[in-house]
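Presented below, as structure tokens, is a lone chain in the form predicted on its own.
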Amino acid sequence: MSTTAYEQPEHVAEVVVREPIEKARPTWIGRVRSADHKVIGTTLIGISLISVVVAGFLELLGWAQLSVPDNTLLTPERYYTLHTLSDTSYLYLFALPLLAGLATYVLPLQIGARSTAFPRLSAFGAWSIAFGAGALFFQLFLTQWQGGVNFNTSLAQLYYSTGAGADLWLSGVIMIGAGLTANAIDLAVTYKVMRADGMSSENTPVFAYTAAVYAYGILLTAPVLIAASLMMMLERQWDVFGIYNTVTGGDALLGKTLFGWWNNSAPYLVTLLAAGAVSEIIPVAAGTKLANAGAVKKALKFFMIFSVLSFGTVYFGGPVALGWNCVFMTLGLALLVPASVLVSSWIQTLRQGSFKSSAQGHFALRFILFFTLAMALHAALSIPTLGAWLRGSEAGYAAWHLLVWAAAATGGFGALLYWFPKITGKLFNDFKAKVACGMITIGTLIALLSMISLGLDGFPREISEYSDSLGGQARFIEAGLGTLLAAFGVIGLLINFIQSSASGSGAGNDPWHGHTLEWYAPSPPPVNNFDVTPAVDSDTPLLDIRSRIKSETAGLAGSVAQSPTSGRPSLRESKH
């Protein structure tokens, strides 16, 4: 073993050995073949960041169409094709891969594992999502699917949707669903069997716990999406089974149930992961522990359960018995209880600490704002009569965007900034990131409030044109301008990422004085993550380590005790 330096800090009982580390990034072939959870995680993050640019561009084309009454810029067929691809990209290719990629990268580091349980399965999942994205966009060159992200089984019948567009969309969704399922299996098993000694579910870091809860939610919902899509493809190719088509003896309500099970749950699972990340960022930014961490974990678990079970709110206004409407209303409103616990904990944490301004902290605060607004709209959508009216309006579309875009962008980008030094070993430009945060926040608020206002005035969601007599032009223009401002913020943030990863200053192993084990590892971590993991006594092991060092009951060789230098330190803790 070649070494570059030997150090003997006074308070450490072991020699610190530093080894040169390879700086080369994996090639594309190496990335495809890699079973390193960090490479798999960054692959998913890369898919997400490319997709958000595409989704934003397509959405801007839609707002350009609606900026003028009776506009002919896009034909209705082209408008609905681009609109479908935009919404699909936001949910399937941006929000879910971004947060799932961060979970794949961070979970093993937080629980002291050197790898994941099934890395090859997770790698299959990442590339399955990539190929699914290819199938979704290949339909642009064929007959396109125009039915929206909330798949309508009646519209998808071969009689109404000829050509290969719907089949390609279904194929892409099946591959993405399979990829998310494979990734979720890896996350769930890793959390269950690979935690460090002393780490139980009670003292697991909040984000690691959230990643496991998210994985269980995906395992409850994504297989349903896969099965529903496969049955739809079978019925389209051989219209003799009578699955959804009432003409051949099928049940249209079955399709609404199966697709609704996924379509209603997925945006909340995105928000769940974002909330877990914010629960890590807020305490570090405030310089204190998370208030009521045990209650927060229970709230995250019940948030997942109620978000999955409340899928029946999509039935409001349909041929469903009053008793079932009451059940689904109760389940929908029950979601507000864990949501209130989360917001209360974040506010209490901020009050008992001293908030230090940072870009990731600003994104976390914006997430709290959008999360609160999303829950207010969720409460309205959970009232049967009001929900049936709002869900089909621009206000219902705004509620969807609050989860799939606003929560994913503020929570996801905040988490990416928080772990950016760990992933790249570099610091980003904090001022530029704060400016981007402000642009994304203001632009998103303008767009969403305009959409809510249009919905309250009776404008239906996802229209391709409207009459000048309806008087909504100014608000459509405002929504478009707000989206444009948010898009500039996203582009600025991505440029910041690219420049910082290439030429940013060294971050060291623990630039934020974090609370969890990922900050104990070098930045970026080696393939095996840790040489030696420390003993874990709580959900904030690095705070415990610092406390032991301060009281001189233990010594630490590694990231916490030393200033950042080149080379990979072997991480050891020893008692005097």
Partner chain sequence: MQNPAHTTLRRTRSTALFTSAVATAFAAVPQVASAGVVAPDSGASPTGDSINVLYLIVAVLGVLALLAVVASIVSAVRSPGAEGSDAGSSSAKPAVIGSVVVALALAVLGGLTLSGASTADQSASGTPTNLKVTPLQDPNLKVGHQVDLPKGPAIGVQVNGQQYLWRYTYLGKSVYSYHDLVIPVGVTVVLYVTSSDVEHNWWVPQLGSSIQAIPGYVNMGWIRADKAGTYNGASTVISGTNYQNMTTRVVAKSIADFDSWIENKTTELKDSATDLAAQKAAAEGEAK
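Residue numbers count along the first chain shown, from 1. Just so it is clear, the structure is predicted and the values come from calculations on it, not from any experiment.
Quick note: we don't show the form predicted together with the partner chain, though the next part is all about it.
TODO: Consider D457 of the chain shown here, and say whether it contacts the partner chain in the predicted bound form, taking contact as heavy atoms within 4.5 Å.
DONE: It does: once the partner chain is placed as it appears in the predicted bound form, D457 has a heavy atom within 4.5 Å of it.
Open item on the list: I452 versus the partner chain, in the predicted bound form: is there a non-hydrogen atom within 4.5 Å?
Closed with: I452 belongs to the contact set for the partner chain.
Open item on the list: Quick check on G506: any heavy atom within 4.5 Å of the partner chain in the predicted bound form?
Closed with: Close contact is absent here: in the predicted bound form, G506 is far from the partner chain, nothing within 4.5 Å, heavy atoms only.
- [ ] Consider S200 of the chain shown here, and say whether it contacts the partner chain in the predicted bound form, taking contact as heavy atoms within 4.5 Å.
- [x] Judged by the heavy-atom cut-off of 4.5 Å, S200 is well away from the partner chain in the predicted bound form.
Task: All of A252, L365 and T385 within 4.5 Å of the partner chain in the predicted bound form, heavy atom check - done: Spot residues vs the partner chain: full contact, yes.
TODO: Using heavy atoms only and a 4.5 Å cut-off, determine which of I491, L369, L219, L73 is in contact with the partner chain in the predicted bound form.
DONE: After the contact test, the surviving option is L369.
Task: Interface residue in the predicted bound form among Q237, Q352, T248, S501, criterion: non-hydrogen atom within 4.5 angstroms of the partner chain - done: Among Q237, Q352, T248, S501, a heavy atom within 4.5 Å of the partner chain in the predicted bound form occurs only for Q352.
- [ ] Work out which of the listed stretches, 162-170, 340-348, 89-97, 406-414, brings a heavy atom within 4.5 angstroms of the partner chain in the predicted bound form.
- [x] Looking at the other structure, the answer is 340-348.
- [ ] Let me know which residues along 47-81 have a heavy atom within 4.5 Å of the partner chain in the predicted bound form, or say none if there are none.
- [x] Stretch hits, in order: P76, E77, Y80.
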